[in-house]
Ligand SMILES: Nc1nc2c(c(=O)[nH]1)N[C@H]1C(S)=C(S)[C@@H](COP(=O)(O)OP(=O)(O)OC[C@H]3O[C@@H](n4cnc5c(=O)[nH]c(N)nc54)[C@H](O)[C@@H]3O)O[C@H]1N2
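Shown here is one chain on its own, the form predicted on its own, set out as structure tokens.
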């Protein structure tokens, strides 16, 4: 029997597990003791990775759909050349940007990088990912405020903070190991404060729950800032030495009064004052946000309002502090910095001539085959297909037929494609069922690469099981298409995953995310390493938990953090007589994950999950409408779509709101097409709807 340490590739914690393997079979998986993230603990998803061995997987060879609709299994070489020829012919006929790609936050750093190299660099076209659906807001907010997409915290800060404020976050369900770190907090008198429209699982376990109205976060945060400034509960020294534009911000927030906040946020003036006092009285205050903030129509400015409060109170860079984003997927950080989509590799600007020369030299290409500008965003790719401008699409490891906002639009788009390549471990997903070409690839337990978690910790994925004949990884599939495209010398430096890692490592040199001190082989079986970890740090304890901004220096040209703010925007979907209810979405249970593509294989997760779409409705509203628990309703959305849900009656959602778990296709059938203007992240959390009681089969 041998032990293989690798990472869980579900959420952004990137817990490590030890797999005990014998005769090509997994005997058991146990969380890695001593690993800085999870230290011998794991949630149901990670501990079940040994059960997720693709029992429903297709054969190891790709297939191409024939004119009569049948699927023809072909060799990998034939499939690579078929896709390469179609990509080239579509570009020749319709233009360079007539093909596009969509990836996910669950690929390895190296898979992001090579996909960006083939599509963004060589083919000069557009690739976005479903990181756009969860972390684009935080990435843009930090890049604007700090000068770089660099969350500064370490998970240890959860155990050192005396005042933990969770905004639009439900880690008991979404990030259980994160919540375990909060429970490990032994600071005397520490308290956990939750700001959430719903009495979530985390809200129930908190010391204080502020039940805010959906999308009122920005006005609350600006009011808090005004109260803190008027009360002189701010850190003048930090503001003066390390920030810009505070004076303008101070003047701006004066108009956000307690009286207005009481009318608009659902909180009383006394509650807002109490929250401000908690921030003032705390010696180490940390504010944590996730999708409840990120998935909104003015999300970037909301995230920056959190950052502003921490800056002006000096709660950044010190143990237990920080305005801290909780990442969603396991390698969203790798996607953000190394996919060549919104920035060149390692966060470089597309217009930086010196950076372009450096990257070309390292990866073995020329400037004509390096991306020139940020990608078209996810929404513009989907609408580009519907408008007839994009004819070919290649998606990797994602299920947008289910997960995309107003997902009927993606369903309509697929019908208009001349080439629709789906690359996944299953060909039974909603998105794969309509593919013209399907690339079957191996799951994480059969491949290698690196991941970067929510605290910037890089770790190694190590193969646990051997591959069967003809099985290949996502990396090898992209490499095969690149070679079939005729990239020649422009792809040969990328021959292996380790080669790619070393290319990205060298590109990272002298950047804020420098990881030149991290060794590919040294990562295996290690405790991981937070970037930055430049070559000069070699020999130091890589597993140490390290935070950024302790010296008050940021990555802006003048080294100072920026106060950024803007007048709140009108809600694009206000409640009306026709659509009087707010439709909120999020996670259902710890065991479920996104579109349930992978967790459906874990029998005890499936057995504990409701099989069809459901939502939560307030008890009083249900009584008024004659609806009982387990009845069915048809929900009609402002986006023109409808879907049927089973009702669970509860007092945990407010009277005029409905809450639906995202794991069912029906959920995003009725979320509207609305996006933050800076991050272009969808506004999943606050569409408006009406409903009517129906029978089970309606």
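Note that the structure is a prediction, hence the values are computed from the model and not measured. Residue numbers count along the first chain shown, from 1.
The discussion below concerns the form predicted in complex with this ligand, not included here.
For the three residues 214, 403 and 592, a heavy atom within 4.5 Å of this ligand turns up in the model of the complex in every case. In summary, the region of this chain contacting this ligand in the model of the complex, judged by heavy atoms within 4.5 Å and restricted to 72 to 80, 577 to 585, 368 to 376, 154 to 162, corresponds to 577 to 585.
Residue 684 belongs to the set of residues with a heavy atom inside 4.5 Å of this ligand in the model of the complex.
This ligand in the model of the complex comes within 4.5 Å of no heavy atom belonging to residue 456. Proximity of residue 347 to this ligand in the model of the complex: non-hydrogen atoms within 4.5 Å are absent; the residue sits far from the partner. In the model of the complex, this ligand sits within 4.5 Å of a heavy atom of residue 474. Only one of 324, 423, 335, 137 comes within 4.5 Å of this ligand in the model of the complex through a heavy atom, and that residue is 423. This chain is displayed alone, yet in the model of the complex one of 107, 478, 119, 300 has a heavy atom within 4.5 Å of this ligand; that residue is 107. Along 235 to 255, no residue reaches a heavy atom to within 4.5 Å of this ligand in the model of the complex.
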